[in-house]
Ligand SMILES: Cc1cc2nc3c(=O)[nH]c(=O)nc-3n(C[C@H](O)[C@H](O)[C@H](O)COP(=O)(O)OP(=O)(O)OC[C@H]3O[C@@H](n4cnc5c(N)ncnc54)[C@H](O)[C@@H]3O)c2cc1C
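Take a look at this single chain in structure tokens; it is the form predicted on its own.
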């Protein structure tokens, strides 16, 4: 069997674990509690934690040394992200793993010089502005418009499901600069400070408790220098960023299965020679295999990135498997828990710490966050299997 985890990677992981074990316990505990409550964006303690890692040279594991990284491969970066997630600590999800690499590939030299040092220092946090109320994940239908006015663009519109919009420093904003009938060929991508005049943010709390936002843009002026790539050609940068984003869905099912196994073990459900115990052991074994498949999907993507490729259909397959597996694990757990499974996260009486209940409540987001599963199936069919549109 071919393996990409060799002595170098195992030593890297040992060094990383030793470093993490030596961090300030108070900072780690506060960050973990914050991250379990809302893992989508680092907040106060998460930002402190990431700046600590940055100061110690542990952010940007796979970033080139010219941009302040360690210059390691994406395999080490994958190990880094997995280890951080296993400890329920932030790994710089969108900003470090998505925006930074996309800027390296598609940003201007001035944009790289401006943003990359601040990203790898943990000083900047990006939120992503793609979805709109009437367009959903169909980015080709977006209506937020950017009109050129001299050396600036004037932007008007509304975005929705901007996770972290209330804590981010900058906005990765898709806007229409061409005609509506041009679809994705008339879209441009911009970087905008979240405190720019004309931006207002409304919080949204989802049924799973995740905090997201709606962002309104009213005559927001953006220098043309903050456009990524050429006018009307932002689609390529959006696709590139989404592919990076979908490759970092991998470790949550593992953690949720651990919660389920811990609870079932504590209840004695896995013990004894009964049909029920055997059936549950079989189901848990199936989930454990599926979790490892999920890890292999992510590792395959990391291998492609290490080879200089950007996964596309592979990233979509990873994202679908990840989301549906999380739902299967939480379903198994709540079938076992029964009526007590309605006790919400935060209650001391919630079985498995309420994590399974919370996971199932959040599951609808997993179907469309990062692009709906239906769109991912189209990408797999067209780009992975070569089927006609």
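The structure displayed is predicted, hence computed values, not measured ones. Residue numbers count along the first chain shown, from 1.
Absent from the display: the form predicted in complex with the named molecule. The rest refers to it.
Site status for the named molecule placed as in the predicted bound form, C-alpha superposition, 2.4 Å backbone or C-beta test: Blocked: 3+ ligand atoms clash with backbone or C-beta.
Proximity to the named molecule in the predicted bound form, single hit among 253, 301, 234, 129 (heavy atom within 4.5 Å): Only one option qualifies, and that one is 129.
Residue among 375, 381, 23, 13 with a heavy atom within 4.5 Å of the named molecule in the predicted bound form: None of the others qualify; the residue that does is 375.
Segment that reaches the named molecule in the predicted bound form - one of 154-162, 270-278, 287-295, 180-188, heavy atoms within 4.5 Å: Of the options, only 154-162 has residues within 4.5 Å of the partner.
Residue 368 within 4.5 Å of the named molecule in the predicted bound form, heavy atoms: Yes - in the predicted bound form, heavy atoms of residue 368 and the named molecule come within 4.5 Å of each other.
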